[in-house]
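First, one chain by itself in structure tokens, the form predicted alone.
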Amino acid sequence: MKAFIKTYGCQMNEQDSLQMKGLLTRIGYVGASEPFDADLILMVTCSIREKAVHKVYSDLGRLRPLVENNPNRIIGLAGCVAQQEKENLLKRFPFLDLVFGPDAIGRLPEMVDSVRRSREEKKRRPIVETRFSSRKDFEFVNLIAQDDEGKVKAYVTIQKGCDNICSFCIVPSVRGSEVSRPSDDIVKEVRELVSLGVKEVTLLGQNVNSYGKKFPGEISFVRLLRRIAAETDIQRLRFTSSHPQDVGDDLVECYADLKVLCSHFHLPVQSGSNKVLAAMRRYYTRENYLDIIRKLKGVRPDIAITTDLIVGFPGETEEDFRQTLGLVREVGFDLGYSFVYSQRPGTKAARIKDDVTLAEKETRLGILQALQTEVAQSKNNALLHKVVEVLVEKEDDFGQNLITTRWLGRTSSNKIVHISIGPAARELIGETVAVRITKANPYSLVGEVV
């Protein structure tokens, strides 16, 4: 039996997909490279923006002929769109067999088995499983995938859900309340990954800074970072994502004390206007944010700051937008993920009149992205002819020729580097090498091993 899994959206979904793959392997499935070659097709979806949902629906429509050609093929929709739309999906796509949210991932084998048995009985019983587990009953899928062996980097989930109610965000309604995974399990998984050859781990959560706060007897996020650094041999440690309201001086101090902690901090700001931040229910100000950045750069001068930005939030004026542009210049973000505001069902912002036209939103987005590209280019130009440490991850899709082989790696500051290291350098995958930067693009670097 073969399974094909397509993933949309964030790193959290990527990790969920890996866990699903491991669970399916246990019940006899192997991977399929194309959906038409699969007995089971799963789509792991994201609903954080309207455009992402439309993409899922479009792809689902293309699967209809595959079901018509093979009625025994199982089609499942997982993730946030499934959690959001529930039974409504069966009305729109009646060929779906499985609709399940993030909390049901651990039950995937039994759900697939139930669908298969119904097929054998010549009956069709679609399964919709979108109940949230309680904080007490929720269990993390603790599964090291077989193909983790030999990987250079891996993700480790430390938390699920979010208790912040940002007015624009649908995550709390599709991912549920915050639940922190036991720290002993996290440390154990990092150790196991290191034993398989993993050199870099990224800790995942909707708001990692609030890890452990609501669970008596559990350690804080800062203590978790220090414990991983002290009790494992991981070479590089990252985390995402953070909420500025929960970034304290103790976390900043980790960047001064922990060499294993990479020189990169992804800290979503969303807007540079205090008025808009208040409407977004972000509970920090522009000044608070800049103070965090100042402290981080004070203890780790080479730290790269990346962020998320929304333009065209209801009520955003030209002056509000100019304040966002000013913040981008002042911070000097190495990378910014920017989007037009997208009204999401059930959020508090959905009750506010969306008074910024789509044309204006797109104009502002273009201006913002052009500025961010300019800032990123300037940041990377400063690295020209310098030698940086790069963890070599894999062969580079950038291209090959007869003289050199290109490889891809990342700096501690999470900058992508295309590396020329010669055809005999395959054994360097997983190694940290010194690379002299010979070319700087806005969002990647080119260099050669020294």
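Heads up: residue numbers just count along the shown sequence, starting at 1. Because the structure is predicted, anything quoted here is derived from the model rather than measured.
Below, we refer to the form predicted in complex with a small molecule, which is not included among the displayed structures.
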property	result
Site test, S241, Q270 and R344 vs the small molecule in the model of the complex, non-hydrogen atom cutoff 4.5 Å	yes
Partner proximity in the model of the complex: R181 to the small molecule, non-hydrogen atom cutoff 4.5 Å	no
Contact test in the model of the complex: Y255 vs the small molecule, heavy atoms, 4.5 Å	no
Close approach of V340 to the small molecule in the model of the complex, 4.5 Å, heavy atom	yes
K160, heavy atom within 4.5 angstroms of the small molecule in the model of the complex	no
Contacting member of I310, A154, V190, A104, with respect to the small molecule in the model of the complex [4.5 Å, heavy atom]	I310
Contacting member of F168, Y289, F321, F100, with respect to the small molecule in the model of the complex [4.5 Å, heavy atom]	F168
Heavy atom contact within 4.5 Å of the small molecule in the model of the complex, the stretch among 56 to 64, 41 to 49, 385 to 393, 23 to 31	41 to 49
